[in-house]
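What follows is one chain in structure tokens, specifically the form predicted alone.
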Amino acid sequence: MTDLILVLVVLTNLKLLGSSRLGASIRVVAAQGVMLGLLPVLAHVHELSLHFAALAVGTVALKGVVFPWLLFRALREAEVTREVEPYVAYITSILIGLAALAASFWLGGRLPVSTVEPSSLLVPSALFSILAGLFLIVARKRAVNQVLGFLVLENGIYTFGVGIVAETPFLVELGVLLDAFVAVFVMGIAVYHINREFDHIEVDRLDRLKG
């Protein structure tokens, strides 16, 4: 099941790189969050504790319910459904994503890990999520897509943390989730105000604020 979840995480990242529909992208990130919520339980099934159960419940609630709700609310306020002209075309984005995936497997096989991995796919999929998130942030114009990129980036960090470092304090893991919550909440407000002032949510046109 751990391998299946990690494969699905990789596939959902590729889906995000090639999708122009904002609503569908939010649903994909929500599904990814729910799957990653199960990862702490599956990765540490032999040492299951209240720590991992609470982390799983909190992750599913935030990533699968709260974050998507905030983003859909921002999307309704902005009255947009898709991103038509990103900085990098969607076919090119997928090709870059495949190259990043190959690089993630190459780097993951050479990265020293001090603990026993629950899956050989864990480090490559975590690295790929980080790279895919960074790419979405810099290659898309719509603010909503950039928020999704931040969430995918955080998903990669989360995957690496809960899968590899079993001794990570619960408060540290919870702190990462709360940071992501605050970022999405603030960006939702920003998207609303950008759309109200400029009738769009393309961040490349914010240079009108200069002067």
Partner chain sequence: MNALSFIPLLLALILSPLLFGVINRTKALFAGRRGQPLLQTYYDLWKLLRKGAVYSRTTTWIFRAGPMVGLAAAWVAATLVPLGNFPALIAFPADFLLFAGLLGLMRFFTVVAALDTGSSFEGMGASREVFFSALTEPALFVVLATLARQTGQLSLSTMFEPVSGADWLHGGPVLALVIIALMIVLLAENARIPVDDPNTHLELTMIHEVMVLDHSGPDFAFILYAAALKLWMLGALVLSMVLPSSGGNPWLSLALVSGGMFGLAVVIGVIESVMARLRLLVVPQLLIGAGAVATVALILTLR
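Numbering follows the first chain given and starts at 1. Worth saying up front: this structure is predicted, and the values here are computed from it rather than measured.
One more form of this protein exists, namely the form predicted together with the partner chain; it is left out here, but the text below deals with it.
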Out of 88, 94, 134, 111, which one falls within 4.5 Å of the partner chain in the model of the complex, going by heavy atoms?
-> 94
The partner chain in the model of the complex reached by all of 14, 101 and 105, non-hydrogen atom within 4.5 Å = yes
Could you confirm whether residue 81 comes within 4.5 Å of the partner chain in the model of the complex, counting heavy atoms only?
-> no
With the cut-off set at 4.5 Å between non-hydrogen atoms, does residue 23 touch the partner chain in the model of the complex?
-> no
Find out whether any non-hydrogen atom of residue 139 is located within 4.5 angstroms of the partner chain in the model of the complex, and reply yes or no.
-> no
Residue contact check: residue 130 to the partner chain in the model of the complex, 4.5 Å heavy atom | no
When the partner chain is considered in the model of the complex, the residues of 5 to 21 having a heavy atom within 4.5 Å of it are 7, 10, 11, 14, 18
